[in-house]
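Let's start with one chain on its own, the form predicted alone, as structure tokens.
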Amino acid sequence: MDRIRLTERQSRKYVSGLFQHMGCSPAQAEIIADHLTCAEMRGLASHGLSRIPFYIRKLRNGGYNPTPNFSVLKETLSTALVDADDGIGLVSGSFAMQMCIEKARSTGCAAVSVTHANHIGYLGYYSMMAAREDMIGLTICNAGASTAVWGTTQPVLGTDPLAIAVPTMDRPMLVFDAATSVVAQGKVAVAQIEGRPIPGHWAFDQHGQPTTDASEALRGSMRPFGDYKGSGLAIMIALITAGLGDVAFDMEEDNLRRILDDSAGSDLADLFVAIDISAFVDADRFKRRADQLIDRIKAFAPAPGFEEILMPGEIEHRKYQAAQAEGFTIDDKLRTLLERVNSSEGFSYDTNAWPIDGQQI
């Protein structure tokens, strides 16, 4: 099975060019390119270039709006409700978190809810935006029903993820970014593209039985992590996001119809929170203490079978650093899918110029 190696620059150029071809402004296309490329570089293929066929299909059929007009429906000094106007979620999410950060600079803590939103990619991207500004960032969102809750194997809620990012002084920032299912459903979709089996504890088939077949899992349901714990967290996230955004809950007919209808926006909801550390304590002191906590935890003896104690986001940070120098790889089957997208949309770009892993970049 061939792996294709891309540099950061190649990925950004391709993604930005494709989405500009589809009607997005250069500024919006650059945000999309940054998000998808960063996902790949952090080892999050489930939220990287594999998302492109779905996004393009939604753009082509009118479900996604390439030129959205983000509007503020309600606002206070520290809060806002933003209408995403069916824009690409990676763009509306960046807009909302930036608004959140600016409000938090004045008020100490801010929250922005987004309604009529679409898939916003990996949530750590937005929480890290806040952490880079010496703030604590938190992001949650709902999705279409794909995941069972504790007590059933039927799809009830989305993978409804949570991401928290905290700044540090000299250590990599702490980033907890996780679906409330055992893994993100996108990992199952990537396995399907690559023709790989999945671990049997990830998902159920349509008959409620554990499955290692990615296609069967996508027709069935994901399993919540930690059983009742992940299930309970997903319920709270679904209520907070859909409730504040005043959209349909994950399992309701309108949500499911919109997710499957390429001519309709997904009508999802997101919540972004930024906490200015300096409103509570000196930011540098907080970050030095974060470093101290990391060092103290990592000083404990690793358990048998472990080489070291890893912090939230540390693996992804290492992968990102390596990708900056070496690029990243995608499966050749994904390259074929992207070439079909280029051909169907009349976008002139030769993905065959991307070398097979091991060849000279």
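Remember, predicted model here, so these are calculated numbers, not experimental data. For every residue, the number given is its place in the sequence shown, counted from 1.
If you look for the form predicted in complex with a further copy of the same chain, you will not find it shown, but the lines that follow are about it.
Within 4.5 Å of a further copy of the same chain in the predicted complex, a heavy atom is found for not a single one of I88, F95 and A191. Only one of A242, A214, M99, M129 comes within 4.5 Å of a further copy of the same chain in the predicted complex through a heavy atom, and that residue is A242. The contact with a further copy of the same chain in the predicted complex, taken as any heavy atom within 4.5 Å, belongs to P312 out of P68, G63, G327, P312. In the predicted complex, a further copy of the same chain sits beyond 4.5 Å of every heavy atom of D261. The closest heavy atom approach of A27 to a further copy of the same chain in the predicted complex falls outside 4.5 Å. In the predicted complex, none of the heavy atoms of D170 sits within 4.5 Å of a heavy atom of a further copy of the same chain.
A residue is said to contact a partner when one of its heavy atoms sits within 4.5 Å of a partner heavy atom; V72 fails this definition for a further copy of the same chain in the predicted complex, lying far away. Only one of 191-199, 214-222, 153-161, 118-126 places residue heavy atoms within 4.5 angstroms of a further copy of the same chain in the predicted complex, namely 153-161. The partner is not shown here, but in the predicted complex the stretch 300-314 reaches within 4.5 angstroms of a further copy of the same chain through a heavy atom at F300, A301, P302, A303, F306, I309, M311, P312.
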